[in-house]
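Next up: a single chain in structure tokens, the form predicted alone.
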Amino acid sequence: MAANHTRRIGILTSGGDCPGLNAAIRGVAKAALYNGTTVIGIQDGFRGLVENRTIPLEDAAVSGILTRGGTFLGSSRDKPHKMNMGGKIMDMTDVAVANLKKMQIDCLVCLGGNGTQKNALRLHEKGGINVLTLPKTIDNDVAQTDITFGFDSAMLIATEAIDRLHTTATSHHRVIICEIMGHQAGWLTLGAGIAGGADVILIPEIPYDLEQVVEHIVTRRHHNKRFSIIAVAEGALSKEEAALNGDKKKKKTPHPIHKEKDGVVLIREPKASRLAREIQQLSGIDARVTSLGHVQRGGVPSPNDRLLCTRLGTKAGQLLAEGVYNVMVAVRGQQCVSVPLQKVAGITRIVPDNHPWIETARLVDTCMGN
């Protein structure tokens, strides 16, 4: 066995949960333990790091967790440099660094999405801490990797939902809108929409024209296709909304989630609900809404995600043994490779206009809203 350059690691999961986190923890821990590295589990993400809440991860602790959903370490969306401590937002970076040094951690392994990549890089740059990350998110929007773990499982869940909506849509001759997660990137909606045979797919990258969407639905009806399934990402925008958002960004004013009128807080109508109302008004066709929400994050990981997490985790173990730090373990083709964290943090991987999935959707007569 080659020399092991890493004696002791900490591992945490941060951000939203998703299927595959336990499988990834297992992969990292088993590979590290195989190489003689001590593994410390940090509970509840960066908050657990600041509050110094840890558990030892020996082989027995990670046995039998491959198929379990969620993360047995717990997670949170806390950021070390902006942490709510008793109602006051404080920079706890120094505390996090001090705790890692006290534990004699050679490298902190962080499993998470875009926010986690940024927080890990910030710990390295501000505190001199060695870090290594794995790309986790159902949105599949982490830069420099072909795929993130959790995406395949979530796409399976969303596809099964669309499959089930087909039967009630055909029975009642309705338009049914299925809202799928994805604020900035439409990978999940696009993939599940194609796999589930959605008739209309609306994603954040392609602002939609409502009149064209309605025209497509009405045309289907004229061809005796008396139902339509619309897969819409929660971050999808009409052309008018996209133009308005562009103006607001130029003026550096945030798009409001709610506003107040006469002392009453007015909550913005959910995207899918408003879309259903507008389509029903313009077409006269009964339209209903199903929002999958956090169902997409739950349950056991798919076989593909279990395999992916194990490959990413064991590659992380190899890199740690070699003393390779401050990188993300990415998927490139059939290989797991290391990518400098500076090339990942702060970058969202969106669906490009010329992506083959979009062309595929159009060739099976799927309306993309434009």
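Small disclaimer: the values here were computed from a predicted structure and weren't measured. One rule holds for the numbers: they count along the sequence shown, beginning at 1.
What comes next is about the form predicted in complex with a small molecule, which is not displayed.
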Exactly one stretch in 191-199, 96-104, 82-90, 290-298 has heavy atoms within 4.5 Å of the small molecule in the predicted bound form; which is it?
-> 290-298
Could you check which residue among His172, Arg77, Lys225, Arg277 gets a heavy atom within 4.5 Å of the small molecule in the predicted bound form?
-> Arg77
Check each of Leu108, Ala158, Leu134, Ile138 and return the one that places a heavy atom within 4.5 angstroms of the small molecule in the predicted bound form.
-> Ile138
Going by a heavy atom distance of 4.5 Å, is Gly186 a contact of the small molecule in the predicted bound form?
-> no
Could you tell me if Gly182 has a non-hydrogen atom within 4.5 Å of the small molecule in the predicted bound form?
-> yes
Partner contact for Asp286 in the predicted bound form: the small molecule, 4.5 angstroms, heavy atom = no
If you check in the predicted bound form, is Glu234 within 4.5 Å of the small molecule, heavy atoms only?
-> yes
